[in-house]
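In the form predicted alone, a lone chain appears below as structure tokens.
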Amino acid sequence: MPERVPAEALRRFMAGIYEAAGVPAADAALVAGLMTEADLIGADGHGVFRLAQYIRRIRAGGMNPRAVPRIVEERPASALIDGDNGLGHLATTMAARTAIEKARTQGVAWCGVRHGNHAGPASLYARMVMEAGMIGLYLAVGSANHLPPWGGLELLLSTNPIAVAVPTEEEPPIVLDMATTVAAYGKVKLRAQRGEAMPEGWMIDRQGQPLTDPKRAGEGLLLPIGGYKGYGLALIFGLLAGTLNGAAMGREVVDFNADDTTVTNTGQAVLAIDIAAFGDPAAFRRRVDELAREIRGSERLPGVDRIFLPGEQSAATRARRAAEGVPIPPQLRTQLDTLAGELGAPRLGA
């Protein structure tokens, strides 16, 4: 059974690990906080689960522990940020904060990132914008290619996720966070670590047959959502978050699951929409509340107990885990203890 670890203990542990690996204290605290938030909302493939991989890349020279992201191109409603090959959370946070600041005067702002890295769940950055009272949108090029073009075999596209966060007045915020594939690759990795099979429909092998063993994922292809439509979305999101920014796309994408030394040049994009540019923000939030209640209260199919809106279940998970702690499976706990020992950092819970 997984043990439950208080969120603050998890955050302190991760910050200590990053500092031991040479990351400045302020950056370590920011990234650790965002990774803890990922675990709190139930994005288990993007929280502490990723810590050992990030540290491995730092130690192998594939990621810059002392990166200083900076704006390299700027206009009143846009900016391009170079992440200096640092932890992806740093450059993407800078993009979100810059987009918020610009949207306050311009109404709408778009910020792109190049030379970033894997930055956790997409919703983190859309939520950042939402918490400033705006509508947030986030796009990214995934950190490894697992998706072929529709009808093809060569892995030229990634899960290329999108997140949109819309504020409400009383209801839980509307937060959509999804990959353009049926399952994100992090979920495949989690299944492999836990020794669990994948459902049919996540992956196929190179003969087009269902693949359910996550340990054979390297032989397989992720399936796009909605068939050819998901492939189209993955392509467009990659062009906007990657190619537009001078970041990697197609054959340029580095598989950061298998390669710890090559610079990934991961691309992301954050859009902020100031609701006040379109009318009264409070009135907008009330209308979103009304729509949410309409949808939740609408007629259901037989056997369906409740209609959920995007973000409701993650909000419930966050409340539960904030009270009960974040579940850490035994295999992951062993990995974290080993990592702390290698770096001479305090163990989790110490």
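For every residue, the number given is its place in the sequence shown, counted from 1. Owing to the predicted nature of the structure, the values given are computational and were not obtained by experimental measurement.
One more form of this protein should be noted, the form predicted together with a further copy of the same chain, which is absent from this view; the next part is about it.
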Within 4.5 Å of a further copy of the same chain in the predicted complex, all of A103, P149 and I307 (non-hydrogen atom): yes
Among 188-196, 83-91, 218-226, 254-262, the stretch whose residues bring a heavy atom within 4.5 Å of a further copy of the same chain in the predicted complex is 218-226
Evaluate A109 for contact with a further copy of the same chain in the predicted complex, applying a 4.5 angstroms cut-off between non-hydrogen atoms, and reply yes or no. yes
Partner proximity in the predicted complex: E324 to a further copy of the same chain, non-hydrogen atom cutoff 4.5 Å: no
May I ask you to check whether I295 falls inside a 4.5 Å heavy atom distance of a further copy of the same chain in the predicted complex? yes
Should A132 be counted as a contact of a further copy of the same chain in the predicted complex, where contact means heavy atoms within 4.5 Å? no
Selected contact from E200, D213, E73, E170, since only one has a non-hydrogen atom within 4.5 angstroms of a further copy of the same chain in the predicted complex: E73
Where, within 276-308, is there a heavy atom within 4.5 Å of a further copy of the same chain in the predicted complex? Residue list please. A276, A277, F278, G279, F284, R287, V288, L291, E294, I295, S298, E299, R300, L301, P302, V304, I307, F308
